[in-house]
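Below you'll find only one chain, the form predicted alone, shown as structure tokens.
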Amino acid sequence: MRYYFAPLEGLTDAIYRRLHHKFFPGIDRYYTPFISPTAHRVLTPKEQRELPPADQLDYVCIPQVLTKHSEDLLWFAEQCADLGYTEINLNLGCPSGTVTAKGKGSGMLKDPDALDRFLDEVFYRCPIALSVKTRIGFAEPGEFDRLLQIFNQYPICELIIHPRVRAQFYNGPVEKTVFEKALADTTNPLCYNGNLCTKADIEAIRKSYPQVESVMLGRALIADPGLLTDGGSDAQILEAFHDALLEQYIENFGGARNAMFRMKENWHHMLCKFENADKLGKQLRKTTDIAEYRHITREIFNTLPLRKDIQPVW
């Protein structure tokens, strides 16, 4: 089975991806947080840092694009092709209100006919392979019947399905019966994404759907970066990974304060890997001093037992 690291805005940037690959092997593909082309048709300095030439990376990276305009997607695909990437991923899953209000992300699922026209305009003109990450509908799971008919018309190199509708965001049960219908009726390779928090969860997908060759994990890998390594996460390696991230962010952000607040986004997920973390977690959230932050994190890594499996806070 192939393992993909989902794109998470504000978490899985280029620094995180590079260091995660260094400390925790086992991921077959890393997806970038979405890039949304503008009318200026230029990659910003930040986007250029996210998309270095592909041959400079020691891991497989798939750029993700968020747009409702076919010409923007085609322009982005050309930029990525010039940088040596062989695939881009279209985001049809983002549930954010600011995104869907513009008709992007999962907002595109509200108008299947417009989505069909969009895909018709981009396929066969796209210079590299195009995969799609989608939800099963905007408001109701029943919307997926029509969506799957549309997807089946195009040579999508991989259809990554998160079996929730936009209205659920990341809450509530996944609709596995809809995913099973997709398995029965799809003409494209499928990847499963959603509610995979432990190795047992992954194994359950493997046993239930042996024809599925890839799964995508997101928040669980932030919470437990070594989830897929032999023996699981180790406190010493987790600490070394954390410290390397912190130092790299200090260097890139030009100071410790912003780097510390960036790392707190990781801790929002990582704390659930540690037992009895409430007290130190509260101290961690409150501190604004980098020296105190370092002291608290050392205490977490060196005194709190690691749970075998995470207990998700989301």
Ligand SMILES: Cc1cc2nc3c(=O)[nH]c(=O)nc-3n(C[C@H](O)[C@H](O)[C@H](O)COP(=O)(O)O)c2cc1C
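The first residue of the sequence shown is number 1, and the count goes up from there. In this text the structure is predicted, and so the values were computed from the model without any measurement.
Keep in mind the form predicted together with this ligand is missing from the figure; the text below concerns it.
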property	result
Contact of residue 296 with this ligand in the model of the complex (heavy atom, 4.5 Å)	no
Residue 123, heavy atom within 4.5 angstroms of this ligand in the model of the complex	no
Heavy atom of residue 9 within 4.5 Å of this ligand in the model of the complex	yes
This ligand contact in the model of the complex: residue 218, any heavy atom under 4.5 Å	yes
Heavy atom within 4.5 Å of this ligand in the model of the complex - the one residue of 249, 274, 34, 267 that qualifies	34
Which of 70-78, 204-212, 186-194, 225-233 lines the interface with this ligand in the model of the complex (heavy atom within 4.5 Å)	186-194
Partner contacts in the model of the complex for 121-141 (non-hydrogen atom within 4.5 angstroms of this ligand)	133
